[in-house]
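Here you get one chain, nothing else, as structure tokens; it is the form predicted alone.
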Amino acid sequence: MRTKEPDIATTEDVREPVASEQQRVFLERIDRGEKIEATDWMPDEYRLLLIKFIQMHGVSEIMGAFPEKEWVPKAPTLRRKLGMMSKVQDEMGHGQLLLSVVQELGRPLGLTREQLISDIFTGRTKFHNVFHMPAPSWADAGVIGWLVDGAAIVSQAALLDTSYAPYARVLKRICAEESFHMQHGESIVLSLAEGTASQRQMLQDAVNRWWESLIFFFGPPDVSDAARKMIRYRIRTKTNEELRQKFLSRYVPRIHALGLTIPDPDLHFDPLSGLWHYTAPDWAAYGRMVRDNTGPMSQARIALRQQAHEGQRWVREAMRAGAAQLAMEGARA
């Protein structure tokens, strides 16, 4: 394990790609802060970057419902059960909204909603590392809501200024609802922190379990070629490390305020550089887990998603048949 060096890559390090005349005009629109609509001309590279990025976001929202879905029947009170059910419903809705954005982007390429969902089972698309992990205790449900959703808010709030207008509009709703999810998780965490010694220990164990995954959540600190292009196109406006530093600044003091410890003896803030130093996770191991679906719960949750998708096939087919019938009747009229 190594400790993060104090210098980090920022958006200022991104160089402009070589552009054709048509792309140059497009980039000038981006530089002026204009928003791109689905009906506007866009470079193929921009379209494909958006499809891959937003599809992963949408799939992660859907797969992110599974760790908490497990706790709906086991929540300690009716109020908590209703809260978890509402949160699961919201997360699935976020995924469907995002996949609608991707579906519109992919229409010229022949992409369908069926393909976007089935890509989960075939391994063609990935989802965030945190949703490959187990949630064995009620404290895990709280930590997911408080810290995992907190990390998501940091990422998604930075995307509100994205250059792609349909994505930005959907994110406004998602960020608003995620803030409620974070507060729900924080409420669970506070109850456990103020509870018995065994409840506090359960909470500490959950923080220990999730900390390394949370550090990896934002991705490796190096700026990849794809990330550089997304920043140049203003699909993203912050690098992985900028987002991770913001998360640490926001949540490390809150964790300590509850009397909890963070399982990283090297974690500290350097006032000279204004940066947090931390023990880096095994970037390669986590990358393989996301790429190959080898996490502790990866295959079980993918199987559940596939089972749900196949089990509801008859509903989708009936709806398509009904729509086709209505269209035929309308044409006759």
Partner chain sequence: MAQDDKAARGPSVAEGAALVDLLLQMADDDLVLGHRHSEWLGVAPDIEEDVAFSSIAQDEVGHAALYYELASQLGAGDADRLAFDRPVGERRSAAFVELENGDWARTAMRHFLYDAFEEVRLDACTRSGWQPLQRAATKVRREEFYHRLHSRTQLHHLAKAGGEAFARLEHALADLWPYVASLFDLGPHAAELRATGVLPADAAALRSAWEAVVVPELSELGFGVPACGGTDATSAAHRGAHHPALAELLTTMRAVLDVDAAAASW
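Keep in mind that this is a model prediction, so the values were computed, not measured. Residue numbers count along the first chain shown, from 1.
Heads up, the form predicted in complex with its partner chain isn't pictured, but that's what we're talking about next.
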K69 within 4.5 Å of its partner chain in the predicted complex, heavy atoms: yes
is_contact(T122, its partner chain) in the predicted complex, heavy atom dist at most 4.5 Å: no
Residue contact check: R113 to its partner chain in the predicted complex, 4.5 Å heavy atom: yes
is_contact(S191, its partner chain) in the predicted complex, heavy atom dist at most 4.5 Å: yes
Location of its partner chain contact in the predicted complex, chosen stretch of 251 to 259, 122 to 130, 232 to 240, 90 to 98 [non-hydrogen atom, 4.5 Å]: 90 to 98
Contact residue in the predicted complex, from H277, K35, R305, R47 (heavy atom within 4.5 Å of its partner chain): R305
In the predicted complex, the residue from L82, L109, A226, A165 that sits within 4.5 Å of its partner chain by heavy atoms: L82
Site test, I62, S198 and A318 vs its partner chain in the predicted complex, non-hydrogen atom cutoff 4.5 Å: yes
Contacts with its partner chain in the predicted complex - residues in 309 to 330 whose heavy atoms fall within 4.5 Å: Q312, W314, V315, R316, A318, M319, A321, G322, A323, Q325, L326, E329
